[in-house]
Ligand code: 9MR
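In the form predicted on its own, a lone chain appears below as structure tokens.
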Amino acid sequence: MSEVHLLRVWPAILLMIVTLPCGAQSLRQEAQQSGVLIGTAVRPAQLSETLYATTLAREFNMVEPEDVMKWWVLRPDQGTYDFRQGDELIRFAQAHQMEVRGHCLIWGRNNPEWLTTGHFNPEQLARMLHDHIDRVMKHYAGQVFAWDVVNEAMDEKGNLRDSIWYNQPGIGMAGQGTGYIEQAFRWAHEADAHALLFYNEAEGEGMNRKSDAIYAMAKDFQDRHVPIDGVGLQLHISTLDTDAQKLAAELSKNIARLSALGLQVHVTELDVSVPVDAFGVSHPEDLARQAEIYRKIVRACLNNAGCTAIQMWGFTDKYSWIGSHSHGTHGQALLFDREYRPKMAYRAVLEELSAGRQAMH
């Protein structure tokens, strides 16, 4: 079935909208034949919007909650677990034969106020964290196939960040390096032995001090039989000045060394933001450069069997964190525009998935 998209005209600017060829498959169809999961972060509140839900179900075979499995949503107060929004996402995924990644069990940021201002001691925090991991993972056992157990625990130099779980006051392992991360993974494995357990991190996709620290931790865990199954590389690309070729080469090298440890690698939070004007409009040339970055990242994943999932941090520019985060200077970071029309970046990802499939045969 042919999908034809009209050119969209803004004052003095012509935006290029992709026209897909007759018979073109969806990202989901191509990914399935390539043996990789293609996913996106999701806000359940948008599932009632027809275009959002239909595009999501057509194009992706994996979803991850953007927020609704984080502490501040699941734990409105110390004594309550509120699974309603997460359960809504699970129901949608099951109805459309989609896998679900859980995100995230531990993060040093965006925790509920009752937790951060509660003046709990290490023993109390350890007990609460253990209970949280156990309750949440058992609630979603058999429904969530992989979890980001720990999210963004390291700074740009690969040192552990100060956090309520590590050393403020921590769960009793302050000064023991990655000990608190190890304990979280052990608790997670006890709660659901069938779930894949990931460490998820930003700015550790290339070859740098942070990625070296992630690798060292992962190798240490593997050597000592700590139950870790994979590493999530976020890949929020904030500038088009990025050397796409260099990024892809370093990403490939990093995926290869992590895979050599026997770990899976997931691209977990991919988006590529572009400069926009006061009306939210970008230049076609920038959208073309964006597409090339997407293309090379997807290719780097597909070229290594250890990279088993590619996930965007959202799929439509209508619902993206980039605009507010950049105070309106950047946007249009995702594969579909605000009207759910595929952009050049979509076509690039589709072509790479198709090429990856063809290379397998």
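Residue numbers run from 1 along the displayed sequence. Nothing here was measured: the structure is a model prediction, and the numbers come from that model.
Just so you know, the form predicted together with the ligand exists too; it's not on screen, but the next bit is about it.
- None of the heavy atoms of residue 101 is located within 4.5 Å of the ligand in the predicted bound form.
- Among heavy atoms of residue 66, some come within 4.5 Å of the ligand in the predicted bound form.
- Using a 4.5 Å cutoff between non-hydrogen atoms, residue 58 does not count as a contact of the ligand in the predicted bound form.
- The ligand in the predicted bound form comes within 4.5 Å of no heavy atom belonging to residue 242.
- Look at 253-261, 90-98, 232-240, 181-189: in the predicted bound form, residues with non-hydrogen atoms within 4.5 angstroms of the ligand sit in 232-240.
- Proximity to the ligand in the predicted bound form, defined as a heavy atom within 4.5 Å, singles out one entry of 114, 72, 81, 145, which is 72.
- Checked against the ligand in the predicted bound form, the residues 221, 140, 215, 107 give one hit for a heavy atom within 4.5 Å, which is 107.
- Contacts between 317-339 and the ligand, taken as any heavy atom within 4.5 Å in the predicted bound form, involve only 321.
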